[in-house]
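Presented below, as structure tokens, is a lone chain in the form predicted on its own.
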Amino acid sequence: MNIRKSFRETVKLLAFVLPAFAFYSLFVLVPAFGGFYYSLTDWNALNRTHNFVGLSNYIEAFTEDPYFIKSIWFTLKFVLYMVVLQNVLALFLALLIENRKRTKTWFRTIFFMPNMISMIIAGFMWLFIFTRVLPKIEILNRTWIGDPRLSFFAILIVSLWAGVGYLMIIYIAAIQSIPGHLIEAALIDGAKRMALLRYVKLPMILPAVTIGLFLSLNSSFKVFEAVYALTGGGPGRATQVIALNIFEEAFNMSNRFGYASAKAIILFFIVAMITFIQLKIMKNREVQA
């Protein structure tokens, strides 16, 4: 009897899980394994046939493609700036807004609103601001898109503007979940604002910091739309990120889909490795806190 009941429960659970697993396999696992297979071939998407070339695409990416190496270093620099600035700014805004009782809802809406705009549209909107609006202001009249150094900061500004609101909401939720009696006890003991933040609030919201770092790491490595709309990777490929380099290789330059797939697999392993290290470090700190 128990065996029949257990069998029926298992069938019910599978009935719920299998449709979702089928869609996940169709749209995630199959393309992922297909991409890995094509990374070992010379497929160009125009011919039905392709040849198995082994690891030559991977070797070429690291030894004969200076633009790919350059895009890796540029992306790592962008990720470093984005992860630090985005999380610090989001946490600062969360703490600032949380203390404003009357205008809290308005500020939440204002800072979260950029998340509702497509990044490609936001990129073109900011392109207009950088090329048409800022040149009319003397102190900001710079070659924002034509200068490689300023182009980097232009991309950074747009990405921060678009992404900081989402992390801010996560940090606000984490701050609100701190038990009130802990804050009251710290205030009774005479803790000032900075001591309260350092010894009570920050340790209590470390899980949210882990999530914030994880999300900003992933989104920064995959940045594409803002760069494509603002600079197109220029001037002179100076702002070409890895995702744009892969896109150019597959669709605009030589249709070398096999080679582009190899670069995408390399990007996957870079993101997976750095994310694993980040999660390992943060989880250890959560335990200590």
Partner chain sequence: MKISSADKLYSHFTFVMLILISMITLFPIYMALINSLKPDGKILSDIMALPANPLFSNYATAFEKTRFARSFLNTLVVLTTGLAGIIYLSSMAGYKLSRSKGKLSSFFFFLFVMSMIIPFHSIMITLTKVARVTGVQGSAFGLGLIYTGLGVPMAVFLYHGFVKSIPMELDEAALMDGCGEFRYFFSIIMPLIMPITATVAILNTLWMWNDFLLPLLMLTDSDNYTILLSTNMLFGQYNNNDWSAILATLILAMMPVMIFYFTLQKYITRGIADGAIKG
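Residue numbers count along the first chain shown, from 1. Bear in mind that the values here come from a model prediction, so they are computed numbers and not experimental data. Rigid core (definition): largest C-alpha set, two forms, superposition within 1.5 Å.
One more form of this protein, predicted in complex with the partner chain, exists but is not displayed; see below.
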**Report entry** Selected contact from M204, A191, I170, L182, since only one has a non-hydrogen atom within 4.5 angstroms of the partner chain in the predicted complex
**Finding:** I170
Requested in this report: Considering only heavy atoms, tell me if I120 and the partner chain come within 4.5 Å of each other in the predicted complex.
Outcome: yes
Requested in this report: Would you check, heavy atoms only and a 4.5 Å threshold, whether Y81 touches the partner chain in the predicted complex?
Outcome: no
Query raised in the report: Within a 4.5 Å heavy atom cut-off, is K70 in contact with the partner chain in the predicted complex?
Result: no
Query raised in the report: Looking at the partner-bound form in the predicted complex, is F92 within 4.5 Å of the partner chain by any heavy atom?
Result: yes
Report task. Let me know which residues along 124-146 have a heavy atom within 4.5 Å of the partner chain in the predicted complex, or say none if there are none. Result -> F124, M125, W126, L127, F128, I129, T131, R132, V133, K136, I137
Query - Post core alignment: K280 C-alpha displaced by 2 Å or more between the shown form and the other one - result: no
Report task. Using a superposition on the rigid core, decide whether the Cα position of F16 changes by 2 angstroms or more between the shown form and the other one. Result -> yes
